[in-house]
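A single chain, nothing else alongside it, follows as structure tokens in the form predicted alone.
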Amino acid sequence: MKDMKYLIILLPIFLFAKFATNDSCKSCHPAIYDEFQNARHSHSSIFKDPIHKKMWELSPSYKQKKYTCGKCHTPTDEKLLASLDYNQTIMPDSNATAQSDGVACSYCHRIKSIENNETMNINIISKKEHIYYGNLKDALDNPFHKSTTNKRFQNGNVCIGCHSHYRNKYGTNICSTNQHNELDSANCVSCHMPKVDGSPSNLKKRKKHAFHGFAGIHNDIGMLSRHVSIEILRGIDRFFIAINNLSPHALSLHPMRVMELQVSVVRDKNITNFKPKQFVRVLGTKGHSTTPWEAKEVIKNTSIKGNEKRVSTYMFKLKKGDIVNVKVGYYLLSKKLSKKLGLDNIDKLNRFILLKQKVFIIKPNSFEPLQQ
């Protein structure tokens, strides 16, 4: 009888809506639902992401009263997406459920396959509304939806429909993780959706489930720290800091973000702070930075590439007892861009986000310092 009660509640959703709402998943998947509320997928619309909103308001499509980002940012807003097909001027509606759902649960779990495309990849969505794709080998039959799997879910690369690459009208690749099929042998889910405690569903108890907070720079970045390591090496009159990127893609993907290496040495209660070193990917035209839609080239790229070890040199002679503090992290926006967008007064958008920290103590008989 309990199952029948849920069935009565959910049947209208599956029968009369192309995409089920996130709220309809809550009763059976409470742990995953709660994680998703903090995920960037849940905050992908202009009403929840102030950076995205400001960039859209500067774009040509805003002047034309068109929201052209919905294909990836709010893919279940059928009314909005249909308006683009018919060249209509419909703006995002803050009251639309699809806007608050963001990249909805039902959208991702209905990705049947991914079509490779020069401008951007295309998600092929299953037309069977009551069948969801996942990766459980013994998915439970239930009265609400059927569960199955496919190649993209099995290899963990269901993300590259939206997160592979995007080229503007000049052919410039704005944001890329998979431009040259770098992730074909990798697994996005293993890093960004690691297994955590708790059952994915209350219909069948399990010990673990895939994390649906989607670990990244915005949320649970600590989960990604194990894919980065920091080393130190002493020279006669200098020392070296190495950042090892153990992931298959660059550590700095988005052109608006700034990755930074911060190093300091403590000696006899005195602190020497070295100038931070930044790693960026800057888009522009003829050597000058521009907005993404105007960019014709990548004018600067110091990002740490996939599986790369990046070494930085510091002209400072280390001595016994010195303490070297190393931090690696990010700023969501450069100071210049933050000011231009009028977002420089929002602390959470301008603070340093720590990815990895390591402290070394210099020992007398060791060429390479020992970790504290």
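All residue numbers refer to positions in the sequence shown, first residue = 1. Because the structure is predicted, anything quoted here is derived from the model rather than measured.
Beyond the structure shown, there is the form predicted in complex with a small molecule, which is absent from this document and is the topic of what follows.
*Asks:* Identify whether the small molecule in the predicted complex is within 4.5 Å of every residue in the set N142, H165 and G216, based on non-hydrogen atoms.
*Replies:* Yes, because N142, H165 and G216 each have a heavy atom that approaches the small molecule to within 4.5 Å in the predicted complex.
*Asks:* Which of Q99, N173, Q262, S147 has a heavy atom within 4.5 Å of the small molecule in the predicted complex?
*Replies:* Partner contact (heavy atom, 4.5 Å) among the options: S147.
*Asks:* Though the small molecule is not shown, can you say which of I243, L80, L283, C105 has a heavy atom within 4.5 Å of it in the predicted complex?
*Replies:* Exactly one listed residue reaches within 4.5 Å, namely C105.
*Asks:* So which stretch, 274-282, 235-243, 204-212, 89-97, is the one near the small molecule in the predicted complex (non-hydrogen atoms, 4.5 Å)?
*Replies:* Correct option: 204-212.
*Asks:* Would F47 sit within 4.5 Å of the small molecule in the predicted complex, counting heavy atoms only?
*Replies:* The answer is no: F47 has no heavy atom within 4.5 Å of the small molecule.
*Asks:* Is I362 close to the small molecule in the predicted complex, meaning a heavy atom pair under 4.5 Å apart or at it?
*Replies:* I362: no, not in contact with the small molecule in the predicted complex.
*Asks:* So, I299 and the small molecule: in the predicted complex, are they within 4.5 Å at any heavy atom pair?
*Replies:* No, I299 is distant from the partner.
*Asks:* Though only this chain appears here, would V326 touch the small molecule in the predicted complex if you measure heavy atom gaps against 4.5 Å?
*Replies:* No - in the predicted complex, heavy atoms of V326 and the small molecule never come within 4.5 Å of each other.
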